[in-house]
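Coming up is one lone chain in structure tokens, specifically the form predicted alone.
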């Protein structure tokens, strides 16, 4: 029979994780339940749904901290996230239907790290840092280095994702997010992109560009970031971004879309980020 435990506090949760790294960690369950019929019955379940130590959203100290147990509904509705981290709020609105948004959690998205996860390009562009914990202590990991392959991450078997920390963008930073799918709603992405672009007197000072659904993991378009530095916002920066992306990525080819289509769309999405609005 499968064991089932709902921890009373974080110390108990981490002890369970250390003692039983093979047990299923359950929060919203939006991915785990879908895949359950394809998996072995787990030896145990650690239920972290609405687990207070990893819940909530706080603003302060120049950053917004989102608990791993926060749902996408909570993220989308939070006024500070809507105002300061708009790409993440926009992405939250696209994560499945309303029922999925009410159950799915930030920790689940970064734990699964599917290449088509809607929030993940936004986390890359917004310079997210993840906090993870185990009985050995807490550590921070930049999300830009978190994914190690297809649905694989830096997370150790005895660790839990605790929170996502996102710095507040400066006044000169423009942010954007775009998703391209087969329809306007409840669509699995063909291409996604997010951007945080610092501009001074119309010139790009720096940029962070996150892309999803074009590789086996969410990626930073570092070649684009380098190419646009010092370029004037508008056609100059847009064409520099387009050329750099074309030369630096080789998109995946699968049942949802061809590599050629993904490359063309990704170029258009990224170039649009640098147009003057």
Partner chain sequence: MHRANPPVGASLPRVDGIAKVTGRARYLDDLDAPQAWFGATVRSRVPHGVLEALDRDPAFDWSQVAVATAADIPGRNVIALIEDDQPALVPIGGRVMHVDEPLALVAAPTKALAFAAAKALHPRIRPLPPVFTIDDALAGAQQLYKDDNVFKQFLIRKGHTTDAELDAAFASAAQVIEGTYWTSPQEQMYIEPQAMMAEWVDGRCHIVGSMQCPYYVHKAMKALLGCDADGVVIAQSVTGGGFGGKEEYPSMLAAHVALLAAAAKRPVKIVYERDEDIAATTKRHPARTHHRIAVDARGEICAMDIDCVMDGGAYLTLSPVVLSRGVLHAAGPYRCPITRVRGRVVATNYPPHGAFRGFGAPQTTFAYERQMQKLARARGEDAIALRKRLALRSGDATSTGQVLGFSVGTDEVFAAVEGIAGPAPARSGTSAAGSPVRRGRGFVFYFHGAGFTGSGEQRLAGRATVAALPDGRFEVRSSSTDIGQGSITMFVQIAAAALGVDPGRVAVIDPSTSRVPDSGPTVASRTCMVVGGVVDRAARVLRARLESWGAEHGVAGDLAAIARAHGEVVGELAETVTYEPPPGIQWDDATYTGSAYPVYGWGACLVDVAVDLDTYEVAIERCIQAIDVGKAINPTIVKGQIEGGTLQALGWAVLENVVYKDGRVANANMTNCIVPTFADAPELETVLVEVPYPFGPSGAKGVGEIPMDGPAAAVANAVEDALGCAFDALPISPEAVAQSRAAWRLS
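Numbering follows the first chain given and starts at 1. No experiment lies behind these values; they were computed from the predicted model shown.
One more form of this protein exists, namely the form predicted together with the partner chain; it is left out here, but the text below deals with it.
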Heavy atom of each of 28, 133 and 139 within 4.5 Å of the partner chain in the predicted complex: no
111, 169, 181, 96: which sits within 4.5 Å of the partner chain in the predicted complex by any heavy atom? 181
Please pick, from 78, 103, 190, 84, the one residue with any non-hydrogen atom lying within 4.5 angstroms of the partner chain in the predicted complex. 190
In the predicted complex, does residue 265 come within 4.5 Å of the partner chain, counting heavy atoms only? yes
At the 4.5 Å heavy atom threshold, is residue 38 in contact with the partner chain in the predicted complex? yes
May I ask you to check whether residue 272 falls inside a 4.5 Å heavy atom distance of the partner chain in the predicted complex? yes
Can you check 209-217, 53-61, 30-38, 230-238 and let me know which stretch has heavy atoms within 4.5 Å of the partner chain in the predicted complex? 30-38
In sequence order, the residues of 228-264 that place a heavy atom within 4.5 Å of the partner chain in the predicted complex are 255, 256, 257, 258, 261, 264
